[in-house]
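First, one chain by itself in structure tokens, the form predicted alone.
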Amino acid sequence: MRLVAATGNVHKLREIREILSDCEIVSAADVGFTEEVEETGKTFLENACLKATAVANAVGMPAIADDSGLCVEALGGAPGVYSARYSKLFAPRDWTGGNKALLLKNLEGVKDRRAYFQCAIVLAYPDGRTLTAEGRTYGTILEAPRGTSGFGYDPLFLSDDLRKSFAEATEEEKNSVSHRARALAALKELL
């Protein structure tokens, strides 16, 4: 099966290709789709659906998209759907740090640092059909970054499964327990 991955994120694209290795995964750019789909949904699933549907309709091929993020219980689920643009939307006007720095600032003095990564995956077909799946992985937020691998919040996320940060884990270790891996595995069962 040939699918278009509706992402410009090379890390996500590589992970999707590794997990759905029995499918041919091409990037949206490979098939001429270079538009940015605005993520206006209030949930991960709504945003993934917006992206997958837009790409499937534009290129006439089945498209897979995900939306994912970090949810910290003590912050009421924040940064949540705003994970990628957390500091741009919620930092003070004079803020010079990034997403990870703002997260650590907002957790100063907080003892309960439980968190999870959430991922919603949507496979949209040009005829309007969709398949959806979701996955989570649980852990805690560290007080300082650990590790040099991964991307985004990985250096701050201490995985319950791995007992190390996602940035300390190998790609294979992370992919065995990640939220995206779990959502993709659930989607694979539907295929």
Ligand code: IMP
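What you see is a predicted model, and the numbers here were worked out from it, not measured in a lab. The first residue of the sequence shown is number 1, and the count goes up from there. Just so we're on the same page, rigid core means the largest C-alpha set that superposes within 1.5 Å between forms.
Absent from the display: the form predicted together with this ligand. The rest refers to it.
**Q** Evaluate Phe33 for contact with this ligand in the predicted bound form, applying a 4.5 angstroms cut-off between non-hydrogen atoms, and reply yes or no.
**A** It does not: once this ligand is placed as it appears in the predicted bound form, Phe33 has no heavy atom within 4.5 Å of it.
**Q** Even though the partner isn't displayed, in the predicted bound form is Ser165 close enough to this ligand, meaning a heavy atom within 4.5 Å?
**A** Ser165: no, not in contact with this ligand in the predicted bound form.
**Q** Can any non-hydrogen atom of Gly139 be found within 4.5 angstroms of this ligand in the predicted bound form?
**A** No, Gly139 is distant from the partner.
**Q** So in the predicted bound form, is this ligand close enough to Gly69 to count as touching (4.5 Å, heavy atoms)?
**A** Gly69: yes, in contact with this ligand in the predicted bound form.
**Q** The chain here is shown without this ligand. Which stretch in 139-147, 122-130, 61-69, 23-31 comes within 4.5 angstroms of it in the predicted bound form, by heavy atom distance?
**A** Looking at the partner contacts, the answer comes out as 61-69.
**Q** Suppose contact means any heavy atom within 4.5 Å; which members of 1-31 contact this ligand in the predicted bound form?
**A** Residue within 4.5 Å: Lys12, and no other.
**Q** Classify Ser176 as shifted (yes) or not shifted (no) between this form and the one not shown, where shifted means its C-alpha moves by 2 Å or more with the rigid core superposed.
**A** No; Ser176 is a residue whose C-alpha shifts by less than 2 Å between this form and the one not shown when the cores are overlaid.
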